[in-house]
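Okay, here we've got a single chain as structure tokens, the form predicted alone, with questions on binding and movement later.
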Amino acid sequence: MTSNPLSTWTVDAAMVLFNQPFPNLLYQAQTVHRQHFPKASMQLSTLLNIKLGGCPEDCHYCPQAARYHTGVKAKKLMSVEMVRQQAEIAKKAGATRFCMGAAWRELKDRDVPAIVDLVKEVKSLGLESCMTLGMLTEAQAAALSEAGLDYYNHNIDTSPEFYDKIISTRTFSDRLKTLERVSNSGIKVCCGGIVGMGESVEDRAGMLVVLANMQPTIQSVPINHLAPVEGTPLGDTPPIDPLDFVRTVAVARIMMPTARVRLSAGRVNMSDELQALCFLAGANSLHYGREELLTTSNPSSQKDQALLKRLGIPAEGSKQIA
């Protein structure tokens, strides 16, 4: 995946958005949102950790890194039967996309057949499929594409300038190479980042500029709020101002008007009012249906259903919420 040569987004232009008065920014974001999503529905994705812990990377936010003492014990890859069972539960709860994550630095060739089987099983249930497995080779991306994988998630996490403050075991360019291989294979890209890791507003702008300038245009953008975990280098990081998080969502909506902007990690610590502001700012996708996102807590599906019902936001492709 390469930068879009037709895009005019720069950090300076993004900062103009960030620096607007809050009401003006939300008005602009909601205007853009309604132009591209007039029905204002919520896309629901369920995320399952199919291979827990033991990762050799040093991502400072991640409790699955083997080098950190977080109480996470490594487990083997889940069986097809176990994954199918969880996918069926997710579909029944109203999810339309099923995302599977493995704590690997990169996908090993020996694991490709098992991953292909998981993709086919999820697809057989009529769900969109998504995987996040670390770095991929061209051949591995091609195999996943042939299996029918709809989306591949590989977040850039933060700006190029702040990246090495968070991760040293792979480079920002490594991330971009995997994204390019995914895109070239025909799989749709899911790519976002994390807010609240000690980065500056300029770093948030820089992250969004990279995402917005990608070509082809990405259609799935998870915005994660750091969920600090004791034992990781970011375990005692103070939370950012909630309105700064909303600003990031709003700027993402304006810069990527056709994308599903997903609220992902950290929602369990958000009030209903904060989430409602994020929806007003243009977030229209949730990681939903499991009370755990990989290893951190997530709101229950019942709580999410109640909130969406109160707000009058229907779930995309489902009659579960009305």
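Note that residue numbering begins at 1 and tracks the sequence as displayed. None of these values were measured; they are calculated from a predicted model.
This next part talks about the form predicted in complex with a small molecule, which is not shown.
The contact with the small molecule in the predicted complex, taken as any heavy atom within 4.5 Å, belongs to A265 out of M42, A259, A281, A265. Comment: the small molecule is not present in this chain, but in the predicted complex one of S159, Q140, N224, S129 has a heavy atom within 4.5 Å of it, namely N224.
If you check the small molecule in the predicted complex, you find no heavy atom from any of I115, K120 and K188 within 4.5 Å. The small molecule in the predicted complex comes within 4.5 Å of a heavy atom belonging to W104. Mapping the unseen interface onto this chain, K91 falls outside it, with no heavy atom inside 4.5 Å of the small molecule in the predicted complex.
By the criterion of a heavy atom within 4.5 Å, R181 is excluded from the residues contacting the small molecule in the predicted complex. The small molecule in the predicted complex is not approached by T248, whose heavy atoms all lie more than 4.5 angstroms from it. Of the candidate stretches 251-259, 270-278, 24-32, 63-71, only 63-71 has residues whose heavy atoms lie within 4.5 Å of the small molecule in the predicted complex.
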